[in-house]
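Have a look below at one chain only, the form predicted on its own, in structure tokens format.
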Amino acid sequence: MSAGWIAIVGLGPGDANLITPEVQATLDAATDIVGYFPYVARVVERPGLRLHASDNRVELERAAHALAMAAAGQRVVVVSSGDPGVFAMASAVFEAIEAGPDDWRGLDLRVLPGITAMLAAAARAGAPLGHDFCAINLSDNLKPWAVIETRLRLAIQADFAIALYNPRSASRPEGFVSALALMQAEAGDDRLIIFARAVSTPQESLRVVGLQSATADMADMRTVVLIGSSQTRQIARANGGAWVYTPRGLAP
């Protein structure tokens, strides 16, 4: 077996302080970094480190390239933002392994967790994901919009708190308009909704409104949207603003 290895890592939501020590040590030991352009740009360059950046729609090609380099003896790190297993590159690497040559199955491979955007956003707000919750990616690049609508409707009906990833892009702004209308129609009560943009970066902003007052232009692709369950509530803070949390048990 090759002396190379491959690690699939999460760089966290943006602040370098939120990269785990385990991930940082792995980056420091790598010979090659593979990933989407803006995530590779977050890795500090150094002599002997090769950066392989590519577009966000070539996940399988990127994964195959990383695996081939590891099989050839390189120490390869595949980077994602947040956590690599949450709408990110870990699944793409395993999909490439399943379809690829047998020797890839013998590689020294590790998946190293990171702080994903929904957890960073929830921590900023308080504890809105304190009880049962689900995460849904609103991008229809890899699944039909009808599937997204079904999952949203059922999540609202099941009274989950919901974390929405990739809510609204310039190329498909109508998707979040439809999603918001669906949620407003399905939720009989005025649940809380949190628009957490660019959490842990200098561009961070946090906005909390009632679901029925939310508008689609409150989100973009740097925003994670958290919708509370019917149990989610606010506590006014002494210095202004509020904490948002979901109790750990259901009210009788």
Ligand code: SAH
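These numbers come from a predicted model, not from an experiment. For every residue, the number given is its place in the sequence shown, counted from 1.
Beyond what is shown, the protein has a form predicted together with this ligand; the following relates to that form.
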Indicate whether this ligand has at least one heavy atom within 4.5 Å of a heavy atom of residue 58 in the model of the complex.
-> no
Give a yes/no on whether residue 224 approaches this ligand to within 4.5 Å in the model of the complex, heavy atoms considered.
-> yes
Spell out, yes or no, whether the shortest heavy atom distance between residue 125 and this ligand in the model of the complex is within 4.5 Å.
-> no
Is there a non-hydrogen atom of residue 86 within 4.5 angstroms of a non-hydrogen atom of this ligand in the model of the complex?
-> yes
Just one of 24-32, 197-205, 180-188, 64-72 has residues with a heavy atom within 4.5 Å of this ligand in the model of the complex, so point it out.
-> 197-205
Single option in 117, 93, 129, 156 placed near this ligand in the model of the complex, where near means a heavy atom within 4.5 Å = 117
Residues in 148-166 close to this ligand in the model of the complex, defined by a heavy atom within 4.5 Å, in order = 164, 165, 166
